[in-house]
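Take a look at this single chain, the form predicted alone, given in structure tokens.
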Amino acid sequence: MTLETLLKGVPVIPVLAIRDLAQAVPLARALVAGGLPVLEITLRTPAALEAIRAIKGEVEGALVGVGTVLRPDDLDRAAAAGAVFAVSPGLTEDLARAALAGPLPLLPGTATASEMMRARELGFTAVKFFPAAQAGGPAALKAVAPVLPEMRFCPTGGVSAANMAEYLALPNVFCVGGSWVAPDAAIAAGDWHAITVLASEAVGRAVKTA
């Protein structure tokens, strides 16, 4: 399955740093119930790979990806855990080669025009724009659109309920990523209903933008 097929029609990818494995399945169920089935589990916590396995095995409708991929072996470990796509904060030639030859489609991170051009040369036209707020936000993506017309972006980093519509209104943005739909306080409290509501609200904002 290609990255474009996976993410087609998905306005928001929740970016999740799961610290407690027991929270993985109810968190994923809450997000899927709110209309956000595509999840990015970052490799920033020791529980990440086991969380991917648990969600893959127990949450119907969830499509689980792995984030914070830094090395080629991260792709292998994520695929073995059941991930179906990968996201990286940047892109190296080694990682690009491994992704193009491997089992998981990769959404590599870019922040500048030079990085976007390099990603294109390496075979990627769908990329992450990260960190979006610090790299210029919607204005930066609007500026690069005429010179890199084939590039499509998923902004992450500083994306929120307040500004997601501004990003999604851009023709070169196909989705956004963010953690605001699953705040740490709600996860710690086990308030899965609140997370479902936040996910539903995000979907509603995206529909109004479309």
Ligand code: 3PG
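In this text, residue numbers run from 1 along the sequence as written. The model shown is predicted, which means the values in this text are computed figures rather than measured ones.
There is another form of this protein, the form predicted together with the ligand, and it is not shown here; the text below is about that form.
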- prompt: Thinking of Arg19, Ile41 and Pro183 as one candidate spot, does the ligand come within 4.5 Å of a heavy atom in every one of them in the predicted complex?
  reply: no
query: Asn172, Thr45, Asn163, Ser179: which sits within 4.5 Å of the ligand in the predicted complex by any heavy atom?
result: Ser179
Region of this chain that lies against the ligand in the predicted complex, out of 151-159, 23-31, 137-145, 58-66 [heavy atom, 4.5 Å]: 151-159
- prompt: Going by a heavy atom distance of 4.5 Å, is Ala199 a contact of the ligand in the predicted complex?
  reply: no
Partner proximity in the predicted complex: Ile187 to the ligand, non-hydrogen atom cutoff 4.5 Å: no
- request: Output the sequence-ordered list of residues from 114-147 with at least one heavy atom within 4.5 Å of the ligand in the predicted complex.
  value: Lys128, Phe130
